[in-house]
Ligand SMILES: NC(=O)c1ccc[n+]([C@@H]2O[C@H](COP(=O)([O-])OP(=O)(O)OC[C@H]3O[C@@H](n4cnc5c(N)ncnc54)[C@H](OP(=O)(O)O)[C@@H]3O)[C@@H](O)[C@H]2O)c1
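This document opens with one chain alone, in structure tokens, the form predicted alone.
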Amino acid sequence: MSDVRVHNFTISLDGFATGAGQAPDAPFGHAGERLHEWMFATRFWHQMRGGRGGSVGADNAFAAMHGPGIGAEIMGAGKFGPPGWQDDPGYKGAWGANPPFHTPVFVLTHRPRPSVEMEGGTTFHFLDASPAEALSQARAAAGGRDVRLGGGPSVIRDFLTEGLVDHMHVVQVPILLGRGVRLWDGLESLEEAYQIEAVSTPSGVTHLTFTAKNR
């Protein structure tokens, strides 16, 4: 059976994966771009944006694991768009005409709408479903490849609670946000279900990898 993977999911020292006050011009709220500056410096990011250059060290190696072997993605409504996007029937996500996923993407929302086919192989499907139900559909669409769980923090937390995540890569950056949406709430003793490794890099971030035991 294909794995469920989380990659490049970034949190602050106090565990927040997004800041307060999300808006169309501030998708991560008051956190701004501070959570992801480590990634912006990598060659992986430069290539994703059609450019050249960027670092090729450990940060880049972790970041580049994001894509290989992925056949579908699941994301929450908050990752697909800012608060209120459900009120715009023409809204097609925050990534333009050619989103970077290039696979079927299943968006969890309490207000489903018809699927939207985009350029580059991405098709957005909108589901009002439990984590297990969404995963069943995503695995069917992935054609034997793995399913990436894209976030946000509430969605990842729900999948972790149900024991549905096989591999998770979390990046802890040295900032304090103080408010927003935290990843770890309600996940006491999560470490008992995972083998955890930590790698710190010169950029100041710590890469935490969680591999489910008995998989």
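Note that the coordinates shown come from a computational prediction; the quantities given were computed from them, not determined experimentally. Quick note: we count residues from 1 along the sequence shown, nothing fancier.
Just so you know, the form predicted together with this ligand exists too; it's not on screen, but the next bit is about it.
Open item on the list: Taking this ligand as it sits in the predicted bound form, is residue 118 near enough to touch it, meaning that at least one heavy atom pair lies within 4.5 angstroms?
Closed with: Residue 118 lies outside the contact set for this ligand.
Open item on the list: Please tell me whether any heavy atom belonging to residue 125 falls inside 4.5 Å of a heavy atom of this ligand, as the geometry stands in the predicted bound form.
Closed with: Contact with this ligand, no.
- [ ] Evaluate residue 77 for contact with this ligand in the predicted bound form, applying a 4.5 angstroms cut-off between non-hydrogen atoms, and reply yes or no.
- [x] Close contact exists here: in the predicted bound form, residue 77 approaches this ligand to within 4.5 Å, heavy atoms only.
TODO: Indicate whether residue 194 is a 4.5 Å heavy atom neighbour of this ligand in the predicted bound form.
DONE: No, residue 194 stays farther than 4.5 Å from this ligand in the predicted bound form.
Open item on the list: Let me test this: is every residue among 9, 150 and 153 within 4.5 Å of this ligand in the predicted bound form, going by heavy atom positions?
Closed with: Yes, the whole trio is in contact, each within 4.5 Å by some heavy atom.
- [ ] Specify the contacting stretch among 46 to 54, 186 to 194, 153 to 161, 59 to 67, defined as having any heavy atom within 4.5 Å of this ligand in the predicted bound form.
- [x] Careful reading of the contacts points to 153 to 161.
Task: Residues within 4.5 Å of this ligand in the predicted bound form, restricted to 185 to 215 and counted by heavy atom - done: Stretch hits: zero.
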